[in-house]
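As a starting point, one isolated chain is supplied in structure tokens, in the form predicted on its own.
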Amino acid sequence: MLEFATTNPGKIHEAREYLGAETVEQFDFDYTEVQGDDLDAVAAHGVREAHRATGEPVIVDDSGLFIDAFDGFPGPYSSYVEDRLGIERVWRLTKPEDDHSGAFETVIAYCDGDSFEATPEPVDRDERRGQDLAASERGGATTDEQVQGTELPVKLFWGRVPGQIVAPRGEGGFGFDPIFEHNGTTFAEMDTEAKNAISHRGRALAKFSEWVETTGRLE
């Protein structure tokens, strides 16, 4: 069984689509979301804290909206910015003459308390963001800091969906979904099935699912 540390039942539904309903259990755990400029570090900290709390194989995800005109902001600070400013204000901050391109990104972090072979790899945010959808096709990797020393090993998997920042449309989804348009439709205008099929989280989950199947990690 795999625990997914989240208070959002929608994330559980999406994870079960990729990993199976019998595989994923919600771990209703509000782990500490450290503030940092990188999704990877936030997710790695959260999954270690969650594993220490549950003692079981566990994943967490950290996601953000990266707006090109704002040099990637709000990125890892997306939840805070949404709470403080709201999506309407974020949209209004994007001037008509600005580049309206952006992307949703997700990092899935996995920890089970055991050691596993990982490929230490530096994390280059700018390079990943410039690779369009290629981030979802990368293998998971951990950094040297995550592999070595006394820290629990963590495996990371990335997903990314490019799009445009637009005036709010749609009643579905959550967070910044109403102002994020992909292929002419905002995430808030998509039904759950359509959104999950192309979402940044879904891309990361697909890569994680492939790794689990290949390694037999959860057997």
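A residue's number is simply how far along the shown sequence it sits, counting from 1. From a predicted model like this one, the values you see are computed outputs, not experimental measurements. Superpose the two forms; the largest set of C-alphas matching within 1.5 Å is the rigid core.
There is another form of the same protein, the form predicted together with inosine 5'-triphosphate; it is not shown, and what comes next is about it.
- Annotation: in the predicted complex, residues E33, S63 and G175 each come within 4.5 Å of inosine 5'-triphosphate through at least one heavy atom.
- Contact between H200 and inosine 5'-triphosphate in the predicted complex is found at the 4.5 Å heavy atom cutoff.
- Taking non-hydrogen atoms only, F104 approaches inosine 5'-triphosphate to within 4.5 angstroms in the predicted complex.
- Among residues of the shown chain, S78 is one whose heavy atoms approach inosine 5'-triphosphate to within 4.5 Å in the predicted complex.
- Inosine 5'-triphosphate is not shown here, and in the predicted complex it never comes within 4.5 Å of any heavy atom of K207.
- For K11, a C-alpha deviation of 2 angstroms or more is recorded between this form and the one not shown after rigid-core alignment.
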